[in-house]
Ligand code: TRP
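Coming up is one lone chain in structure tokens, specifically the form predicted alone.
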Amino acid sequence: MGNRIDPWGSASVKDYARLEKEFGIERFSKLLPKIKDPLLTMKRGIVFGHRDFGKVIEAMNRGKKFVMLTGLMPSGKFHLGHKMVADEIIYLQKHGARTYLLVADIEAYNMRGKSLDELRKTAIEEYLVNYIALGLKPKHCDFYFQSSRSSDAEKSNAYYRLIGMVSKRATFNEMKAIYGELTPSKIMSVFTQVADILHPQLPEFEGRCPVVVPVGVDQDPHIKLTRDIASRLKGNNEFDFMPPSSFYHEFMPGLKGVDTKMSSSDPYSYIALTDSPAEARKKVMKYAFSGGGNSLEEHRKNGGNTKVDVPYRMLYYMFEPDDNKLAKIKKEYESGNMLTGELKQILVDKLTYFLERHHDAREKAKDKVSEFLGN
């Protein structure tokens, strides 16, 4: 990985403990006793680190105003890796967050070469519809596009003005140290994201309050730079922003191995939420990396390796919430009593149950899209 985290790369992160030490990311487990009804990913340590999330927990527990903001890159299919973030968004919304969901269509236009119309269509049909089907509510939810922030001129002007103003509070050398090789489009994307994270605290929006950004750890460079810029703006008496908080989850492993990510550019690396149960079954049975033995005899003798077995990891991350049942599956597989095909079938059954219900929810969600597009 070197000494940088690349927010535009596709490589997975392997050493999460090093991130805590080298980049100053704090351990999330220390906050767990303070969190009401934590998510499964929080309880199991999949959400592993944070920056300054304690002040958000305090606001949440006291019923005070706070904002959850995260972005989506409308580049392809919405898959199980995206669902991890969606679950966090919906969890925070249920616990009182004013929810800001930005579509990074300007960044995608510059970095991915698609038209704004294509990107808007993907953002709505792949992302927003799935968010709604998973439980996102329109109340206190601001779903917006970077290319057209708001129909309210005062809000829109404040947002775009901020993009220009934050650029004054960073240096080229600092940007190069964080992001490596720079291009004009990359620089523009960075400052737009900084403004995205900070602008909910403008008086035209929510005013000064805690803001949390739940992301994969590959996005930490944006968070750290935004926190630094917020402090510099305050020091120059320009804005009184609270430095934003964040928490980080491990990546849902791609089907090809635990050291890979689900990538929208590789349909055999992910399960999409629009995949049919039959398609999901085929992908799991054919492409999901197994930690089982190379032969039946070897597997019976040595058992399976749950640390590298993708079907087991998917159960652990998302599809088996019962710790006792998961422990039993782990014991049976590692002992060799449970075969690879049997473990994969457990995952297929759970995926089938989820996908059938989610597809029904998606159809109903399509009728609610307009409720989220009035900003």
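When you see a residue number, it is the position in the sequence shown, counting from 1. On a predicted model such as this, the values are computed, not experimentally measured, just so you know.
Keep in mind that the form predicted together with tryptophan (TRP) is not shown, yet the notes after this line are about it.
For the candidate set T41, T70, T340, T306, a heavy atom within 4.5 Å of tryptophan (TRP) in the model of the complex is found for exactly one residue, namely T70. Of the residues given (T122, Q193, S245, N130), Q193 alone sits with a heavy atom within 4.5 Å of tryptophan (TRP) in the model of the complex.
Contact here is defined as any heavy atom lying within 4.5 Å of tryptophan (TRP) in the model of the complex, and by that definition not a single one of A97, Q201 and E206 is a contact residue. Although the partner is absent here, L102 is a contact residue: one of its heavy atoms lies within 4.5 angstroms of tryptophan (TRP) in the model of the complex. Under a 4.5 angstroms non-hydrogen atom cutoff, tryptophan (TRP) in the model of the complex has V215 among its neighbouring residues. Though the partner is left out of this view, T260 does not reach within 4.5 Å of tryptophan (TRP) in the model of the complex, counting heavy atoms only. Interface membership of S167, defined by any non-hydrogen atom within 4.5 Å of tryptophan (TRP) in the model of the complex, is ruled out.
Heavy atoms within 4.5 Å of tryptophan (TRP) in the model of the complex map, among the stretches 102 to 110, 232 to 240, 267 to 275, 246 to 254, onto 102 to 110 alone.
Contacts between stretch 233 to 262 and tryptophan (TRP), counted in the model of the complex as any heavy atom lying within 4.5 Å, involve no residue at all.
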